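Coming up are structure 1 and structure 2: the same protein chain in two forms, each one given alone as structure tokens.
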Structure 1
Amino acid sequence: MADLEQIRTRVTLTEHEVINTHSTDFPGNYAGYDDTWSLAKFEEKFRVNIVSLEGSELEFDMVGIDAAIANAFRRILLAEVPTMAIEKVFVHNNTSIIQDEVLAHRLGLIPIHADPRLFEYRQEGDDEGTAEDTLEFHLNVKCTRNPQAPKDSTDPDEIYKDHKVYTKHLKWVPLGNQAELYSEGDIKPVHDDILIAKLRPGQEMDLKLHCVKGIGRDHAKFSPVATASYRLLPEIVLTEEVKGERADRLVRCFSPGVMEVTEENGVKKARVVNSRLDTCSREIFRHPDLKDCVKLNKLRDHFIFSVESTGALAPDVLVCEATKVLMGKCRKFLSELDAAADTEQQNLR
């Protein structure tokens, strides 16, 4: 029975393989278990604990959910939560050494601080755009010599003016009624110090940029996260007491802070302190005399999420949006099913 529980709730790391990686808790698989889906049971077990939320980084625990669904959230965060990004670049003039198409690609990757929930998707084939689906920026920079520069200076920062094009040079131009809806601080590049290009005297750039709403599946520039990943909570079980010199060696097999050596009546003993910090390196299996003293597991339903936003939306907002996207998918197909049932009814009549 204990073994069964282990298979159901733990992923086990052994010397040469990781076992019990698949979820098996489906009805009919185990005698004596009721694995039928029940929302009440799920709600009772499910919990979320925010570990840290600072600026654009979020770490939280999601416990009591299956990998299939946790992974759906992760995938949606990466590829299906929309953001705004530069999609069209109208090049009026570009005499810099960076080619138009390379420049356009670079510009596309700049994270734009604008709430995508306030905008619509641009219709296919529409090149103009409207105030509801487009943000316009202008980039107009011309490099000149600095007449005040010291005579013998060779430093480009001193002898040239505007020779570095940064994201701060992007000027937002409100379309339609956008000036009333948003203030200057709402719409801007997330960072104002991203280097776009370098110029020399006489070179200039005169561009018109259109930002549109899109999703990461279409192009990675629309992805709202720098990273979104999860890992399972590690569990380290000591199956026997490890003492003396072996205890020191055992502790050194794990990441700092995972285990510690305590001294009781002059005898050193190893003890697990915080298995969460472990990187699951499995170094322990290189020590033949130690490898049978511990069991390395991971909790199958305990996900440690780490989400790092690119800055358009706060990371906690992104996770909420991800759940909404998954709900939207469910509703889309439910209404399709309803529509199909309706037409069937009409055909029968």
Structure 2
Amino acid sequence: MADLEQIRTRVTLTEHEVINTHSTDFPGNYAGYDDTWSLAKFEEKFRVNIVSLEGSELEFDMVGIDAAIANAFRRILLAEVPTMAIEKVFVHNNTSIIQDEVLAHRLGLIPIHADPRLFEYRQEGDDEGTAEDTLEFHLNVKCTRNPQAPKDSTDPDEIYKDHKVYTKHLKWVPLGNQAELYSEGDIKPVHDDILIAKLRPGQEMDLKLHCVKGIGRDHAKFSPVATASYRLLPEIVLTEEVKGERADRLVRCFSPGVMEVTEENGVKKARVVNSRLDTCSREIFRHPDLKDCVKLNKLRDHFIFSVESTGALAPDVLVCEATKVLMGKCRKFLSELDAAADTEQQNLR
């Protein structure tokens, strides 16, 4: 029974393979266990713990769910939480060495600081846009020589003016009543120092840009996250006491902070400090006298999420928005099931 419990709740790392990776979260899979799903059991087990939230990065634990749900959150964060991004580039003048198509692609990938929840999706076929669904930026930069530059200087930053085009040169132009709804600091590129192009005297850019609302499933530029990933919580179990020189070697087999050597009555002993920091390298299996001293597992229903926002929305807001998207999908699925059941009932009459 103990071995069966291990299989139910743990993924095991052995020397040459990873076992028990298949999903078992359904009834009747293990004799003697009632794995039927119920809301009460789910509420008892499920929890979300915020581990760290610093700037654009969030790490949190989601415990008590199946891998399918965890992966649904990841995919929604990547592809279905909307953001604002540059979609249309109207080129009035571009004499730089960057072709119009390449320039438009570079501009589209610039993250825009604007709350997408305040805007609507642009209607198909609408080229102009409205204040409800479009943000307009202008980019007008011309490179000239600096008459004050030292004669013997060869530094482009000294002898040229505006020879580097940055995102700070993008100027928001309010449409309709946008100036009344948003302040200038609300609508801007996330970073001012993203290099767009380099110019030389006589070269210039004169562009009009339209930002619209979209999702990463349509184009990667709309994805709100730089990274969104998860991993299972590692578990390291010592099957015996490891002492002396072996303890030092054991600690070196793991990432810093995972294990430490303590001293009791002049004898060194290894102990597990924080298995969460382990990268599961399985270095331990290269040591014949140590590989049987440790069991390497991962908790099947404990997911460590790492979310890094591009800056349009805070990472904790993105997780909340992803939850709303998932809830909407569940409601739609349930309504379709009800509709199918009603149709079947009518056909049986």
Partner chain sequence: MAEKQKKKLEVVQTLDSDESCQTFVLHDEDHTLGNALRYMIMKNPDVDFCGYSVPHPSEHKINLRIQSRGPPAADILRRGLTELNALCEHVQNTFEGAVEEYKMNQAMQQSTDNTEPMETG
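Residue positions are counted from 1 along structure 1's sequence. Computed from a prediction, not measured in an experiment: that's the story for all the values here. Note that the rigid core is defined as the largest set of C-alphas that superpose within 1.5 Å between two forms.
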Check against labels, form predicted in complex with the partner chain ends up as structure 1
Q) C-alpha of residue 16: shift of 2 angstroms or more between the two structures, rigid core aligned? A) no
After superposing on the rigid core, the Cα of residue 332 moves between the two structures by an amount in angstrom of 2.7
